[in-house]
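Shown below, as structure tokens, is a lone chain in the form predicted on its own; questions about how it binds or moves come after it.
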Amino acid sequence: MPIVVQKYGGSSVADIGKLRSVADQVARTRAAGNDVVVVVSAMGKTTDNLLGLAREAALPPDASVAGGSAPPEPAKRELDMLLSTGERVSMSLLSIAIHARGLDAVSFTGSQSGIITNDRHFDARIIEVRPHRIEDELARGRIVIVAGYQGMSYKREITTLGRGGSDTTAVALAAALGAERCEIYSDVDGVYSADPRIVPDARHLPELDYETMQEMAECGAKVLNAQAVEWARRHKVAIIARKTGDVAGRPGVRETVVSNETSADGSRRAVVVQKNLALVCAERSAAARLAAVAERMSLPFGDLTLGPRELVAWTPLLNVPNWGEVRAELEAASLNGLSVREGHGLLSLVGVEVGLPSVVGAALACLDATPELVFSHPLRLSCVLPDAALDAAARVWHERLGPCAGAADRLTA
């Protein structure tokens, strides 16, 4: 039978009622004549709650921090041990619910599923998938439930894949198993040309090519994880993003198909907002020492510019749980001209021809706030702005340069 990999996000399994609905959906997929592998995230806000507990446990006995310094951060290795338990709860409960529907299912952790990662903690990357146990269980007629977001390093340490890592688990498994497709279920019915909570007239995008989707994910679009799209592009895995409970083909049901067969055009432009960034600046002479600190502290950089006198970069703080410790290390490294500023975000226009000078000029001209930085790529134009200015700027860009305007209108708006 063809293999279908399905991934369900935390909102889809947030409570027992929703988890039962997912079990029904998995059962329908099985009844349609498919072998099914299901990847699950932790229930609801479990990961955030566990992070809160870890930070509380890390406080000194007197619950104060001497000298006004930043609170101590939990060790990343222990965070991985803790956070990986959230998905294990989901996988076990879903397996039990499927058994209650008369079907045979078995649950596996990331390590039991053969997901091998590098040795970074909290934001590891998958380097190999050995799905032998999954293949054996599928051959026995079982539905396989896998804990997303986690794996095992080549040093046999439990690792986690960063926020949204369950998407990567699902796509990597789909590639390794030769699955027919990888279905990503969440609380939205696919990918939009902007976040509908910010831009009310955001347009649903039924198709996207890998390159555009990956740029959107790298810039902060939350529907799909950037590493997952990278895996899909490399291994030619079709991703279908749907709303949990929607059945393909039913009237009114929408989805977004991400594949290599989609032609890119101006109607697939999107505006993406990513908040909670830090802007890091230093003199050029400090570049090597800054890179050494970033490597030692596992600090991810987004766009980085190295000029004749200055280095400027932004870093997303979502995957930096020990930001207080990292910032203290940066400040202690005596980097010439170091400046670290928080409260910034990234506004990006993604799609074909957005790197053309005419588009860049039109985009910058309609901004009220002056960008701290501007980065232009063939498929992406990004500006670093204060968090407070992002939402209004996103609405302007979407109206004047987004998918609803013709090509000529975008340049003259």
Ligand code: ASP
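Residue indices: 1-based, along the sequence shown. If you're wondering where the values come from, they're calculated on a predicted model, not measured in any experiment.
Beyond the structure shown, there is the form predicted together with the named molecule, which is absent from this document and is the topic of what follows.
- Annotation: in the predicted complex, residues T47, E87 and G165 each come within 4.5 Å of the named molecule through at least one heavy atom.
- Screening 35-43, 384-392, 360-368, 342-350 for residues having heavy atoms within 4.5 Å of the named molecule in the predicted complex returns a single hit, 35-43.
- If you take 122-160 and check each residue for a heavy atom within 4.5 Å of the named molecule in the predicted complex, you get just Y149.
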